[in-house]
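Shown here is one chain on its own, the form predicted on its own, set out as structure tokens.
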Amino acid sequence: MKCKVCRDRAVIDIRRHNAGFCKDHFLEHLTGQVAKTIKEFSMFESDDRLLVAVSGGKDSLALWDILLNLGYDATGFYLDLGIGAYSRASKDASVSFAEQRSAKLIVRSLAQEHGLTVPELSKLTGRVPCSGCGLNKRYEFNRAALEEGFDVLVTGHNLDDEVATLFGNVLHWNVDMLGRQAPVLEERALEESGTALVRKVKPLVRVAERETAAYALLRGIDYIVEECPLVEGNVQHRYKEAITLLEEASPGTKHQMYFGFLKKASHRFQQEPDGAEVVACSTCGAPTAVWDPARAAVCSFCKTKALALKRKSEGSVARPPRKRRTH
């Protein structure tokens, strides 16, 4: 296969574009896709301070690399989740990337900040690890962005991630989640508490997972290849596998599904559940949705943390989370 641009030997083919690219033109193409997404969805301005959530994986490090090359003021943020050797390796990859590019990286530890690791949280509360992990990351990413004065929180969710999430939300008709399935989630400020949910954006929604891996390889980015050891049984991965089979049979399926939803259906779903009001959490002050304003509002993070610390002090644990049926 030859490069679509220069007719030199291609190093990768992108079937949904019916095109192959040499190394230089592939890197240019991928950077262009990210720049196009930023502009199309008005994600941020050239003078905004960006906090990039990094995990040491290919997606977040490739995105950080692209943003730096595009000239944005992009600082990385790594949250140590306390998942043994996996967290140590992912932290090392993030630190190494930052050092090689003289980029700023903020590192925080869940155990130091809250006295809990993700494995402990799962054991103490009975939540599946991925659920507790996601809850903690969302909370800490937003808290770091607020405390450090960043304008926008940037995450490395790619096209495959978004399509798998969309597939699961439609399969189970999670209408509340469908209302938040967007490349941009606007800032939601609470003046009375002086806190907010920072503007959150996903510049990789036009880029497939395979393409970020190729970008990282061609750019010499040393990322962690191993998957999180706690991810086994995560139904999200099964959704990815199913949709990838459709993509192989009909290239462009993922793009059509996701961008078709954004264009034709996303406006039909509300960002907040019916009857809910966004107020400040009575414990930490963060915005949270409540249905009865007369009652003290406590966000999901604070509820989960309080339960985990209570059981930890008592020396008790919850029942293990039930495994999902696979047939």
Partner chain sequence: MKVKLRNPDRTVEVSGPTNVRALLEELGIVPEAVLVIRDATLLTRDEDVFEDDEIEVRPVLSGGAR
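Numbering follows the first chain given and starts at 1. Because the structure is a prediction, the values reported are computed rather than measured.
Missing here is the form predicted together with its partner chain; even so, the following discussion is about that form.
Proximity of His157 to its partner chain in the model of the complex: non-hydrogen atoms within 4.5 Å are present. Although the partner is absent here, Arg15 lies within 4.5 Å of its partner chain in the model of the complex, judged by heavy atoms. In the model of the complex, Thr125 stays away from its partner chain, with no heavy atom inside 4.5 Å. Not displayed here, its partner chain is approached by Glu209 to within 4.5 Å at the level of heavy atoms in the model of the complex. Interface residue among Ala182, Leu190, Met177, Cys130 relative to its partner chain in the model of the complex, by the heavy atom within 4.5 Å criterion: Cys130.
Of the residues given (Glu99, Glu148, Asp92, Glu248), Glu248 alone sits with a heavy atom within 4.5 Å of its partner chain in the model of the complex. For the three residues Lys137, Leu218 and Thr244, a heavy atom within 4.5 Å of its partner chain turns up in the model of the complex in every case. The chain is drawn here without its partner chain; in the model of the complex, the stretch among 106-114, 166-174, 223-231, 182-190 whose residues come within 4.5 Å of it by any heavy atom is 223-231.
Taking its partner chain as it sits in the model of the complex, the stretch 49-63 comes within 4.5 angstroms of it through a non-hydrogen atom at Lys58, Asp59.
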